[in-house]
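The chain that follows stands alone, in the form predicted alone, written as structure tokens.
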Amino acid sequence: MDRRRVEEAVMKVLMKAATLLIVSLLGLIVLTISVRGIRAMSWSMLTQTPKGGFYLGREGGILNAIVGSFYVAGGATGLAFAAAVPVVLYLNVFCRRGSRTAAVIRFLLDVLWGVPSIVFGAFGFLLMLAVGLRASLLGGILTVSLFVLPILCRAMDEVVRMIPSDLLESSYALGATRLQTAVRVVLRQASAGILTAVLIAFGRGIGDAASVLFTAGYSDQIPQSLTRPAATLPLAIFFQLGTPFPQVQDRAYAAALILTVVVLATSLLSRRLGRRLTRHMIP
């Protein structure tokens, strides 16, 4: 048999094996969480906050962690989006394509993306001490926004970079300024990809535990203000899984199942909205 055909056949088998391994691993994780979590899942767990003795296996739920997670991830994604839009527009409209400045900024964003979330948590903790802020919902939102900011910037940047340069040149030729082109052409053309990037950042924010470990605190109550501590699903899993009671550990897997469903629903929603918004865009 020809050597090139042998190499191609071997690589094809390896690629199929790698794909099967990844799919099997994902299925095994979901199956394990589902088997352990389903038996602890109940309506009261979704609709109640922890009662007395909850962490000893008595009644109550994790409504505080579900609501707290949406508060933290939603607020952080909103803050990061407000900061990321000007950065992305500067890189793609006001900087020359391929300029050294843009390359340096993208490199720094990549470095920030690779920084472990626990480092952002430690930095956020020091920042809170410096301004006299205690562990609270606001502290969690600020820290998670720093964590998702580089992710959001780079994801949006890759989307905007795919816009044909001819489209921008056409806008300039019609007399539009760079700002008008950025707002009315670039943002509108990339809206589907930007929405996908926002939902991806939300999914990363709601699933991260390390960045909120020191900054958001933990409470059995739903936070009523930004200065109150807030529970999150990752920390609820961490604390419940650390107990010696099997019933409480099963609740940790139920919380993990809820978190997995939220992330999965966010991903499916981003794909569905992305397809709908791209129907009327200029290819």
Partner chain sequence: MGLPNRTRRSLLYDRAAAGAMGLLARLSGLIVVVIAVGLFLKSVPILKNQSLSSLLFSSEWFPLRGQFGFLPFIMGSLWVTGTAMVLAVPLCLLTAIYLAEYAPLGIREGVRPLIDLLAGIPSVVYGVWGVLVVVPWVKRAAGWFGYSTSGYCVLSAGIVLAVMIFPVIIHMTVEILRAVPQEIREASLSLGATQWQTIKKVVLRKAFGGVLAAIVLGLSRAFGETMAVLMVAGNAVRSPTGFLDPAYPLPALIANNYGEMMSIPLYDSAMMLACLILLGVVLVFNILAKLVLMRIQKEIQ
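Keep in mind that this is a model prediction, so the values were computed, not measured. Numbering follows the first chain given and starts at 1. Throughout, rigid core stands for the largest set of C-alpha atoms superposing within 1.5 Å between the two forms.
Keep in mind that the form predicted together with its partner chain is not shown, yet the notes after this line are about it.
Contact check for F125: a heavy atom falls within 4.5 Å of its partner chain in the predicted complex. Residue contact with its partner chain in the predicted complex: L149 places a heavy atom within 4.5 Å of it. Taking the partner from the other structure, its partner chain in the predicted complex has no heavy atom within 4.5 Å of any heavy atom of G193. Within 4.5 Å of some heavy atom of its partner chain in the predicted complex lies at least one heavy atom of K12. Residues with any non-hydrogen atom within 4.5 angstroms of its partner chain in the predicted complex fall in just one of 70 to 78, 136 to 144, 163 to 171, 85 to 93: 85 to 93. A heavy atom within 4.5 Å of its partner chain in the predicted complex is found for exactly one of T243, T47, Q221, T32: T32. For the partner-free chain shown, T177, R178, L179, Q180 of 160 to 191 come within 4.5 angstroms of its partner chain in the predicted complex, judged by any non-hydrogen atom. Once both forms are overlaid on the rigid core, the distance between the two CA positions of L26 between this form and the one not shown is 2 angstroms or more.
Once both forms are fitted on their rigid core, the CA atom of A9 lies 2 Å or more apart between this form and the one not shown. Comparing the forms between this form and the one not shown on their rigid core, the Cα displacement of N64 stays under 2 Å.
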